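Listed next as structure tokens is one chain, alone, in the form predicted alone.
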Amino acid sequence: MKKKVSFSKRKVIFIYISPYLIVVLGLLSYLLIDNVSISLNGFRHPTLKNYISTITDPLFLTVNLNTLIWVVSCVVLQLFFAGIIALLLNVDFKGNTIFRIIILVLPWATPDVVAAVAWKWMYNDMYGVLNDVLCKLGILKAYLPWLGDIGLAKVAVIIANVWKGFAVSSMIYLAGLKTIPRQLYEAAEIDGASVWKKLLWITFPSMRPLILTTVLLTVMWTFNYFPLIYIMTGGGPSNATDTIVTYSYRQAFWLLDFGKAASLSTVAFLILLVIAIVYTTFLIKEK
């Protein structure tokens, strides 16, 4: 049974976190208002021409579809591999700590720019190590233009992002697995439960709140993720890997169309806000 926090303790907690909340909300509010102002060409004589230009842009649907494919693919694969690796690393064996450092810390600690450049070189159609290894293993008969083909480029950036992003989710899962009492598994073993039944009836129910929270965070991080795509493909070829984030960046700093870039940013913010509200409502109902 959960203990209720007294009103006096809640008041103390609120007093301690209020300076942080004021600063963060102040900065976010200023940036959001300024962005909306730019998208409307100012609040004195607001106009929706930037939003109309954005919605009628022939690439708008393409960019949104790319964003959907990017987010869904990356989130599903990241969480899937993160769960498997967390379960494997949760087993006690000799050298466990070293494996955790190599598998989890290395991808997470590698700077985004360094990771993007490394993957770009590995995918190089002439000198890339990936083509060389696959050809030597007999899987490929000829080198593939991984970042030059529309279909392959999407797969390439998704794989790179899964490698870069799974570590955080895996660390969260691993921490959650450590909180599950060992007695539950021991009791299940006495009852003759198999590994799958223990996962289904003990691990997943115990980890459910953590998994649901991680899904929301991963969706928001992936949606806003910029460096990997921009460095590896720049949104190409033929806008095949363009997301709302990379496309709005190019509108602002390549074409200097700050109004359209601001309107795209506002649309992206509204999409994430709706997702966050709906998902948070679902989490509250789950409790």
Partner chain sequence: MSKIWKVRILAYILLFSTLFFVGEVSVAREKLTVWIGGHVVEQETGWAKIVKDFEASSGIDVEYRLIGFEVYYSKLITAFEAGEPPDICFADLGGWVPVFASHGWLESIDNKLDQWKGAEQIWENLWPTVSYKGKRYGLPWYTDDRALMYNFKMFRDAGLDPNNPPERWYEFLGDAMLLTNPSKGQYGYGVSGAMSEITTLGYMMYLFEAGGTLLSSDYNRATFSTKAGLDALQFYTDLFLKYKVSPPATLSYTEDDYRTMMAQNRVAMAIGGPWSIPLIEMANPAIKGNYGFTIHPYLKEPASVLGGWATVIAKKSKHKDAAWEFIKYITSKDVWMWWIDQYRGPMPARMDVCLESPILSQDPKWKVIIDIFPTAHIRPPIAEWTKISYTIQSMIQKVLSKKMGAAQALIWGKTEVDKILGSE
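Numbering follows the first chain given and starts at 1. The structure presented is a predicted model; accordingly, all values stated were derived computationally and were not measured.
Heads up, the form predicted in complex with the partner chain isn't pictured, but that's what we're talking about next.
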Q: Select, from the options 43 to 51, 249 to 257, 24 to 32, 215 to 223, the stretch whose residues sit within 4.5 angstroms of the partner chain in the model of the complex by heavy atom distance.
A: 249 to 257
Q: Evaluate Thr203 for contact with the partner chain in the model of the complex, applying a 4.5 angstroms cut-off between non-hydrogen atoms, and reply yes or no.
A: no
Q. Would Ser238 count as touching the partner chain in the model of the complex under a 4.5 Å heavy atom rule?
A. yes
Q: Please check if Ala175 has a heavy atom lying within 4.5 Å of any heavy atom of the partner chain in the model of the complex.
A: no
Q. With the partner left out of view, is Leu59 within 4.5 angstroms of the partner chain in the model of the complex by any non-hydrogen atom?
A. yes
Q: Please pick, from Asn90, Asn124, Thr110, Ser73, the one residue with any non-hydrogen atom lying within 4.5 angstroms of the partner chain in the model of the complex.
A: Asn124
Q. Using a 4.5 Å cut on heavy atoms, which of Val155, Leu140, Ile150, Ile101 is close to the partner chain in the model of the complex?
A. Ile150
